[in-house]
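First, one chain by itself: the form predicted alone, in structure tokens.
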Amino acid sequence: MCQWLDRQSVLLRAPAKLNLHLEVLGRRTDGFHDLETVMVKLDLHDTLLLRLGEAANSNIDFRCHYASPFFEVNSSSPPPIPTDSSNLVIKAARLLQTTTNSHRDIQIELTKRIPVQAGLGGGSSDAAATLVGLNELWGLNLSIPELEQLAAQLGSDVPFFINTHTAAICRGRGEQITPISVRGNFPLILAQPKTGLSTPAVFNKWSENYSKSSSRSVKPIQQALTEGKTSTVSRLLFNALQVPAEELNSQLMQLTSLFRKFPVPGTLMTGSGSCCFGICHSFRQAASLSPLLRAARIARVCVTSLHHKRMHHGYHRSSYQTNG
């Protein structure tokens, strides 16, 4: 995940994620919801370049660039990624400064490829990469469990990205992590509607109409992933938030309906939306479906696959395709 470029800078790859199983178990007393979900990392990724500054004034110079047709912006519309203190990258850096009393200036350059408000965990992954990279640059020697504890303060999905496992069962708010093994690459096609969703609105919709439905066990899909049985995994895909999300977003409903017409083994919405994915028989099939999704004019499209452990160390450019 972390590659040293020289003594003053590191390069990190921050992968996206998918939820292959997402069960909502109920609302907690703190207002959040207890979840049980299977998350997998993808080859689609953001890149962070971290450099040490000369001074020790606790300054953070944060810049963001866009390297994907997912981020088509022009002079009349603001960038979709905030570069102020509300960004999770800056929050992660500040948290680490405060916790460890580290004051060395830092420059952070984020190259953004993962779409926002998509349920792909881009912001969470960027925050985790920031914690890991600064732990190295500042020579803090914090352990993985210590970094995960800090990550949990930033967001529910952030702890999942701290370690190098490809997949995990995450419980609670997402901070209780049980790594699981995965066989196979799982060729994937992703599509994000041009209109997004509010996560609180999706959970509220679930609470109002779907909270009394019976829960599904995570064990069958865990076993299928471990055995590399693509067809079984595809059959077991489940997201308790998909129906309420579809009711809130007509473009999402159009997109999921279109996916179900394709000859793919399985399809699902990830997280609280609004991105959907299809598990394909091959990369050729995934590439052939891209123009069909693009022609519908309701979604942006990306072809990718799972991101395995062997690819975490060092920088590897993602072998994905995007279509505006």
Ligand code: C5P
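Owing to the predicted nature of the structure, the values given are computational and were not obtained by experimental measurement. The first residue of the shown sequence is 1; numbering continues from there.
One more form of this protein should be noted, the form predicted in complex with cytidine-5'-monophosphate (C5P), which is absent from this view; the next part is about it.
Contact annotation: of the candidates 205, 104, 229, 173, the single residue with a non-hydrogen atom within 4.5 angstroms of cytidine-5'-monophosphate (C5P) in the predicted complex is 173. A heavy atom within 4.5 Å of cytidine-5'-monophosphate (C5P) in the predicted complex is found for one listed residue only; from 82, 187, 196, 155, this is 155.
Heavy atoms within 4.5 Å of cytidine-5'-monophosphate (C5P) in the predicted complex are found in one stretch of 60 to 68, 256 to 264, 288 to 296, 32 to 40, which is 32 to 40. Remark: residue 200 counts among the residues lining cytidine-5'-monophosphate (C5P) in the predicted complex, judged by a heavy atom distance of 4.5 Å or less.
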